[in-house]
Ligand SMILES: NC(=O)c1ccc[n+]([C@@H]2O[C@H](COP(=O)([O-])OP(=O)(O)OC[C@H]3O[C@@H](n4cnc5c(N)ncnc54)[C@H](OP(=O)(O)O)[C@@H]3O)[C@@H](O)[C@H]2O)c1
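Quick setup: one chain, the form predicted alone, written in structure tokens, and binding and motion questions come after.
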């Protein structure tokens, strides 16, 4: 298949591009800048698109007409302090960029038959210890509202006859980027510890599994997909359990907890939404579809990623 990926230069997009190229697929990275960006896997091509532009742009429409499937992962990172400007960028990069793509897909004479569009477990909002599958309702906080609009924007592709899936992605673990890469320096120095109470749930997933899950969803026979899938490991853990497992993988103590008030002082609203609360998300539909996780449990997963 010829598969397009937006966000292919990011952590998840790069892993997916490598996985697809390794399986013999023709992969095209849709990027903001003209010319092939650095960091793409060998053999991956590129094409330019403007997320803020007109979805009827003939160049973008032409690129989409040559694809069998499209994976849309582009979006502004959320793991920084949320200023008013940052929140606008988070929202517009997801919703505006998705609307641009959907408009172009609608204008294509032969659009790709399948669209996998990123969303996030932030869709559910803070839910304490409640187990959340794909039927759970959306949250009413900032991320819940953004994810709801994000998914609604992608769903417009169905009007063009495109089988469309929203992927609610959890905390992707990799030493090369994201949350784990941020945690590693203090933990390796022996000054890591739980965040806040440590009772908040962490809907994690190994980078290799998130890429493999997307490939699996691309391979499912036409007409067999559900509209939403949670892309998280089947065994979510609390922050305290994650902290303990990371300490064991690194052979370091984890006796320095980070108080919640300190996180709020440092990161403001973002701390409460991402660090001090969480979601106990389970991938019910992904498991029912026959997907087999390579790394279902946090201890072995962290040993694979960072073990000494």
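Numbering follows the first chain given and starts at 1. If you're wondering where the values come from, they're calculated on a predicted model, not measured in any experiment.
Below, we turn to the form predicted in complex with this ligand, even though it does not appear here.
Q: Kindly confirm or deny that 51, 94 and 119 each have some heavy atom within 4.5 angstroms of this ligand in the model of the complex.
A: Per the other structure, all of 51, 94 and 119 touch this ligand.
Q: Since exactly one of 128, 190, 77, 175 fits, which has a heavy atom within 4.5 Å of this ligand in the model of the complex?
A: Looking at 128, 190, 77, 175 one by one, just 77 meets the 4.5 Å heavy-atom criterion.
Q: Within 4.5 Å of this ligand in the model of the complex, heavy atoms considered, which of 196, 139, 170, 156?
A: Selected option: 170.
Q: Indicate whether this ligand has at least one heavy atom within 4.5 Å of a heavy atom of residue 123 in the model of the complex.
A: Result no; residue 123 lies far from this ligand in the model of the complex.
Q: Heavy atoms within 4.5 Å of this ligand in the model of the complex: does residue 73 have any?
A: Yes, residue 73 lies within 4.5 Å of this ligand in the model of the complex.
Q: Would residue 21 sit within 4.5 Å of this ligand in the model of the complex, counting heavy atoms only?
A: Close contact is absent here: in the model of the complex, residue 21 is far from this ligand, nothing within 4.5 Å, heavy atoms only.
Q: If we define contact as a non-hydrogen atom of the residue within 4.5 angstroms of the partner, is residue 298 a contact of this ligand in the model of the complex?
A: The answer is no: residue 298 has no heavy atom within 4.5 Å of this ligand.
Q: Go through 219 to 227, 156 to 164, 233 to 241, 111 to 119 and give me the stretch that gets within 4.5 Å of this ligand in the model of the complex, heavy atoms only.
A: Within 4.5 Å of the partner lies stretch 111 to 119.
Q: If we check this ligand in the model of the complex, which of the residues in 3 to 34 reach within 4.5 angstroms of it by a non-hydrogen atom?
A: Contacting residues: 7, 9, 10, 11, 12, 13, 31, 32, 33.
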